[in-house]
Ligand code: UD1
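One chain comes next, on its own, written out as structure tokens in the form predicted on its own.
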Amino acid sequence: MTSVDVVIMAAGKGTRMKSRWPKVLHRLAGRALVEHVLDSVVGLQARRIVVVTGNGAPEVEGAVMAWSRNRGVPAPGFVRQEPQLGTGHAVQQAVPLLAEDGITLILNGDVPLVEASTLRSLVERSGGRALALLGVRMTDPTGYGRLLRDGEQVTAIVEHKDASEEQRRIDEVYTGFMAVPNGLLKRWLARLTNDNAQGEYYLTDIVGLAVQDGVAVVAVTAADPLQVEGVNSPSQLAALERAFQQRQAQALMEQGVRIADPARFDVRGQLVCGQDVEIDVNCVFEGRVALGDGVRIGANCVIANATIAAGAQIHPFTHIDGETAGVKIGEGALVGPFARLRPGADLGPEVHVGNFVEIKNSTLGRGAKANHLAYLGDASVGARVNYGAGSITANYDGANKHRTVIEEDVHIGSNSVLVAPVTIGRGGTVGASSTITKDTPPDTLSVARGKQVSIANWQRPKKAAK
């Protein structure tokens, strides 16, 4: 296959976004618009990627570099368009980084949902000989440039404002994406002029130059208008977000997932579901989340970077965020409502974690229970432990974290404090409101609290009379 160089135009300010952030850094499905475009390019195995920056260049370049590190791919090159004098001028800045051979694929950094297969078709249609344009058919093409054809050949792109009534009836519009042989692209870019009302260099003018030179101009039609939908305003971004989310919901439902309301469902990463999964309304999934067979997710849950095994139930308003360490929830476990699982939480089968319980960097063995108002941090909890309401592991001494070990069949009374490092022996019981600072033997009751005192005839303080 002919070598492919990719130019991504990401210099625009996006005035209609009314934001201090560059437009391509606004987020769709939890990720910057330009990251979506870059992901589509990865599948092409491009020889080189060049990103044209301008407005907010340091921020855009930083985000792109972070993307390349996270994906483990070579860093793209960068050129800056300053001042910004049109699309043709933007691509002119990339010319020094483009080889003489191969094909250049030109993309917009604010069109996030284009698919790699579409881009591959565009490159193949160019074949190193033709100028290939990406078009799409729209039910309402008002405002878009129309592709004029003579059979299979494209003869021109006419802007809506310049189109005749007959031309305005054409429903095939130009998307801004093209594939061009490098040698021809460089030749045509050198011939662009800014002889127009805006005083800008338009990339679309190379269509006329190609026709003049007798070079074939062809078009590939995108199968889905959503692929080529750009973002110019917050309302467009919101509409594209919802369209994207409904597409993901539809794909999951076709696999058998029961989603209570596809209009109130968000995936901002990768969601993998087994059979008979049920998801209630207003749930958000981030990073990579895997749901086993028969998992049920209650309403208003936020779940990120977690693996939830078969038969587990996540009750409403639960927040799970595994970050890089991940969260694991075993078969048949019950979590929530209003629970919080943080990185390193590893719940075994049939574990119960109830309302207002927070767990971080801790393992819970089979059948362990922490049902109310508790904290477990840096702890190893054995099977069948009952962890009382209001109890905490005091795992931080102000400088270092320490671990608490609670062995099998332990009962921790309510409002207890386990000061790490400490081990509670197998089968032991900690009396309510105890502060445990030393290891406890197995099968014993451990109580550490002040002696109760009752003072007769105690008079409460009274407010002074006014």
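As the structure is a computational prediction, the values presented were derived from the model and not from experiment. Basically, rigid core = biggest C-alpha set you can superpose within 1.5 Å across the two forms. We number the residues from 1 along the sequence you see.
Below, we refer to the form predicted in complex with this ligand, which is not included among the displayed structures.
Is there a non-hydrogen atom of residue 118 within 4.5 angstroms of a non-hydrogen atom of this ligand in the model of the complex?
Judged by the heavy-atom cut-off of 4.5 Å, residue 118 is well away from this ligand in the model of the complex.
Is residue 357 close to this ligand in the model of the complex, meaning a heavy atom pair under 4.5 Å apart or at it?
Residue 357: no, not in contact with this ligand in the model of the complex.
Under a 4.5 Å heavy atom criterion, is residue 159 part of the interface with this ligand in the model of the complex?
Taking the distances in the model of the complex, the answer for residue 159 is yes, it comes within 4.5 Å of this ligand.
Flag residue 207 as yes or no: does it have a non-hydrogen atom within 4.5 angstroms of any non-hydrogen atom of this ligand in the model of the complex?
Looking in the model of the complex, residue contacts with this ligand do not include residue 207, since no heavy atom lies within 4.5 Å.
With this ligand left out here, work out from 170 to 178, 281 to 289, 250 to 258, 324 to 332 which stretch has heavy atoms within 4.5 Å of it in the model of the complex.
Answer to the contact question: 170 to 178.
Taking this ligand in the model of the complex as the reference, which of 217, 105, 90, 320 has a non-hydrogen atom within 4.5 Å?
Comparing distances to this ligand in the model of the complex, the residue within 4.5 Å is 90.
Here the chain is shown alone; which of 361, 232, 155, 307 has a heavy atom within 4.5 Å of this ligand in the model of the complex?
Of 361, 232, 155, 307, the residue with a heavy atom within 4.5 Å of this ligand in the model of the complex is 232.
May I ask you to list the residues of 71 to 97 that have any heavy atom within 4.5 angstroms of this ligand in the model of the complex, in sequence order?
Going through 71 to 97 in order - heavy atoms within 4.5 Å of this ligand in the model of the complex - the hits are 81, 84, 85, 86, 87, 90.
Any CA movement of 2 Å or more for residue 147 between this form and the one not shown, core superposed?
Comparing the forms between this form and the one not shown, which are aligned on their rigid core, residue 147 does shift its C-alpha by 2 Å or more.
Residue 199: CA shift of at least 2 Å between this form and the one not shown after core fit?
Yes, the C-alpha position differs by at least 2 Å between this form and the one not shown.
Please check if residue 172 moves between this form and the one not shown, taking a CA shift of 2 Å or more relative to the superposed core as movement.
Yes, because once the rigid core is superposed, the C-alpha of residue 172 moves 2 Å or more between this form and the one not shown.
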